[in-house]
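A lone chain, given as structure tokens: the form predicted alone.
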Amino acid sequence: MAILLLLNQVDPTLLEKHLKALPDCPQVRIWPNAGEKNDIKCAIVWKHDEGVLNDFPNLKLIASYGAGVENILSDPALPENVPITRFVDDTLSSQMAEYVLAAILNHRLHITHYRELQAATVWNSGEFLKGKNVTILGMGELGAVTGKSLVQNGYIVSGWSRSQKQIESIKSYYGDDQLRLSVSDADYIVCLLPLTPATTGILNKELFSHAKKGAHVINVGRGDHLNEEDLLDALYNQQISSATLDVYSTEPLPSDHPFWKHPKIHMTPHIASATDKEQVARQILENYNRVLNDMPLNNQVDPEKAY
């Protein structure tokens, strides 16, 4: 029996090290050196190539390396009846909450702007922005923790989700009918949704047109949540004042992409919430043992919901 690491755009060696450090860990193999394919019981995947998982006839578990599973579910040749799990960890939530707070503070206090003035040896101070209304699209674990953190730091927080949520001090908007209303008074629109067919391109011209004029957009969900051309148009028309982006439809972002040099876009390279490899190893090995013993899995994905 063996676990296969099938990770694109991720160095698998650290995860391999953490897996092997755990007691009762089976053999660990790294793609494309899968060895005897019948041995593979579990595949840990990230942005795998379509169809490759069908090469393993005894596969019993597909484990996402991260919280997102859209790449797995978009595989048209995904093996049938093989359960899928995703990574859930408190460190992801706390890191995301810190990133979003930092992005808002950077915008309100003009931190990046002052760094640019420093480089130009220009002394010129301005007033910080006063708007503190934040709407978070997506009130799962990441959204809830981020929202609570913002409330603790004096922000007025609303959340939008598919169904109504009961989270202390956070106003709940829900359902398609309330999406536009949820952003109508927001100084900051934060996207923390799972990527599903229904949420793909949700940050678009229509949503921006219903947003408070001058709102700042923060996308830390998935790159495909954002219609890039619609954002550029909204920035040009000043409906949206600026944006902080950590995720992109194509990663790494091509060097000729207009986001790189846009004065109203602050970019980071998908670092808002980094995966803790030691915790990934522990969670996956536990689920590996559970699936072999016909026990319920932790953090199993519902393919219908896509999370």
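Note that this is a predicted model, so its numbers are computed, not measured. Heads up: residue numbers just count along the shown sequence, starting at 1.
Note that the form predicted together with a small molecule isn't included here; everything after this is about it.
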| remark: Students should find that, of Ala103, Ala234, Ala186, Val220, the residue having a non-hydrogen atom no more than 4.5 angstroms from the small molecule in the predicted bound form is Val220
| note | Assert contact residue (the small molecule, in the predicted bound form, non-hydrogen atom within 4.5 Å, options Lys132, Lys148, Lys165, Lys212) equals Lys165
| query | Hey, of 135-143, 74-82, 148-156, 112-120, which bit sits against the small molecule in the predicted bound form at 4.5 Å between non-hydrogen atoms? | reply | 135-143
| request: Decide if the three candidate residues Ala67, Leu193 and Ala198 all line the small molecule in the predicted bound form, where lining means a heavy atom within 4.5 Å. | output: yes
| Closest heavy atom of Arg282 to the small molecule in the predicted bound form, within 4.5 Å or not? | no
| said: Check Ile240 for me: does it contact the small molecule in the predicted bound form (non-hydrogen atoms, 4.5 angstroms)? | reply: no
| request: Examine Leu92 and determine whether its closest non-hydrogen atom to the small molecule in the predicted bound form is within 4.5 angstroms. | output: yes
| query | Using 4.5 Å between non-hydrogen atoms, is Met96 touching the small molecule in the predicted bound form? | reply | yes
